[in-house]
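Included below are structure tokens for two forms of one protein chain, each presented in isolation as structure 1 and structure 2.
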Structure 1
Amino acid sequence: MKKVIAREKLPELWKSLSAQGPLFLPVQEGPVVLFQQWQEGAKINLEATNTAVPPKDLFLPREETYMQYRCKGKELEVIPAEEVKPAVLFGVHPCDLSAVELLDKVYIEQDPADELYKIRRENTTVVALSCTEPDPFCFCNDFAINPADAPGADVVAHLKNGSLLLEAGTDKGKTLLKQAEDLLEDGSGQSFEPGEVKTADFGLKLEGLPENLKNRFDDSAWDELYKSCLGCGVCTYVCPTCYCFDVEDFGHEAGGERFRCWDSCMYGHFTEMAGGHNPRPGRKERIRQRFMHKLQYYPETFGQIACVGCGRCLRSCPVNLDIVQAIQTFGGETVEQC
């Protein structure tokens, strides 16, 4: 199913879609662009290549309350949270879409499935938006992602000649386009041929990297690589393929709620045990965990490197310690940029 809508008419589309359920899309929030729920007057920014924070929030929310509890005397009552409503996520770029597929492997395909994630995923219609211009930090070409195309999305959208072209790729996508039928015109005369977008190419040698890393846990290169790390969690929070979480209670003896929220392997308390023993006590162990997980552990289990080249860690790390540096350190070759 192919449809087209003029850009001027997009505000009507947003309004119509959000009347049927929450609609999330890239919104300009002061100096940054973030996926936010549409509301009247929101400044939609479809030009921005990458949002500051990835859309994983829609499926693995930074905070999700999944039960309430009530205690009365010796009794404990557990009340599960209500199921989430169907939503539309609009404007996901191909790198972020690939990242969601990486998360699916952990949260849906690997037994036991995580129902909280799975329901959100099933209830969300994802509209991918192809890139027209790469961000200076993008390097998804290194991961064989074509930023101009997004196979696998429910709907793939392209910004072309003042219009938005929409092509449904799944039944969910078709349903969505049908819902907005009144606003959309037939797009069968339009060219949906994905163009080609070139991102920066670090010339990373990824083939064989996971195998190569297997024996480099004790490599002295880690002693150097971690040094500039400040020990903050920016890289993990802006990473579309990071998925660690914490489970916490909020409340008092009589009642409260339990939620899960994002957590980061970069924090000291992440692995600290009740007795005080910490298997990953320092920045070196934690940096190694993060990069080994992306480049060796995850690939060993799921057959692919857990990075999509979105460039967020290159942009956001306050000290420019990013995954490209890690890959280069451990065998990926580099093309000098400056």
Structure 2
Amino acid sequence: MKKVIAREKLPELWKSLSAQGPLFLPVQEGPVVLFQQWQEGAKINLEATNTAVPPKDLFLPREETYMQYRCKGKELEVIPAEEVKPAVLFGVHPCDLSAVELLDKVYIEQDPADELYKIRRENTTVVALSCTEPDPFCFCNDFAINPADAPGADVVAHLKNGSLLLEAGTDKGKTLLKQAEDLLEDGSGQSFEPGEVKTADFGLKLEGLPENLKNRFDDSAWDELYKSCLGCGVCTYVCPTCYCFDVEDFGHEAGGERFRCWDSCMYGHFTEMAGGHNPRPGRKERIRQRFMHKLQYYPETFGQIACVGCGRCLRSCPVNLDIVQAIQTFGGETVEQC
């Protein structure tokens, strides 16, 4: 099913979709673009290469309550988490959708699945937006991602000649387009063929990298690689494939709650044990863990490197210590970054 809508009618489409449930779009907020819930007057930016922060928090919120409980005498009442409403995530680029699919392997394709993540994922219709002009930091081609296509999306959207072409790829996608059929025109006679979209070439050699790293845990290269790290953790918060979290309980006589929040392997307390021992006491050990997880531990378990080449760590790290530098150090020749 293909539909098309003129760009000047997009505000009407946003209003129509938001009437069905929460609608999240890339919104311009000062100098950055963020996925936010649509409101009247929001400055929607569909031309942005990438949002400052990936949309993973729609499925794995920065903070979420597992459950609450109340106590009355010897009676205990467990209050389940709030019901998840059907939502639409609109304007996700192929790299970010690929990252969500990597998170799915962790949170859904395991036994047992993470129910809170699974419910949000199943209740969200994802509209991907093709990317025809990647910026100099994007290198998704290295991970076999086509910026102009997103085969795992419910709907794939393409900006074309002042219009938005929408093509449903799943039943959820078809349902979404039917909900807005009064605003959409038939697009069956249109096609989108941008040709090959090239992203940055950093000379990365990924073939055999996970296997190679198995014997490089104590490599002296780690002694130099970590030194510039500030330990700020921004790389983990802007990374679409990072998923570390902490679970805490807060309570008193009358009740309490259990909640989950994002955490980072780059923080000193992350692996600190109750007795005070910390197996990763310094920045060297934490940098090594971060890159070994992306490049060796995750692919060893799931068969894919845990990076999609979105370029956020290259843009955000204040000392330019990013995954490209790590791959160049351990995977092949060093190529000067632009």
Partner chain sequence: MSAALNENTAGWEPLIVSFCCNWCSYAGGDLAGTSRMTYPANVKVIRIPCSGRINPMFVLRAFQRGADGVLVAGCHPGDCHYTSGNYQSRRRLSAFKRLVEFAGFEPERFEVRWISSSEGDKFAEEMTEMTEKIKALGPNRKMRDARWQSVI
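Since the structure is predicted, the reported quantities are computational estimates derived from the model, not experimental observations. Note that the rigid core is defined as the largest set of C-alphas that superpose within 1.5 Å between two forms. All residue numbers here refer to structure 1's sequence, counted from 1.
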Structure, 1 versus 2, that is the form predicted in complex with its partner chain = 1
Verify the C-alpha shift of residue 43 between the two structures: is it 2 Å or more after superposing the core?
-> no
Is residue 148 one of the residues whose C-alpha moves 2 Å or more between the two structures after the core fit?
-> no
Core aligned, does the CA of residue 258 move at least 2 Å between the two structures?
-> yes
Rigid-core fit: what Cα movement does residue 76 have between the two structures, in Å to one decimal?
-> 4.5
Rigid core fit between the two structures: Cα deviation of residue 249 in angstrom | 3.7
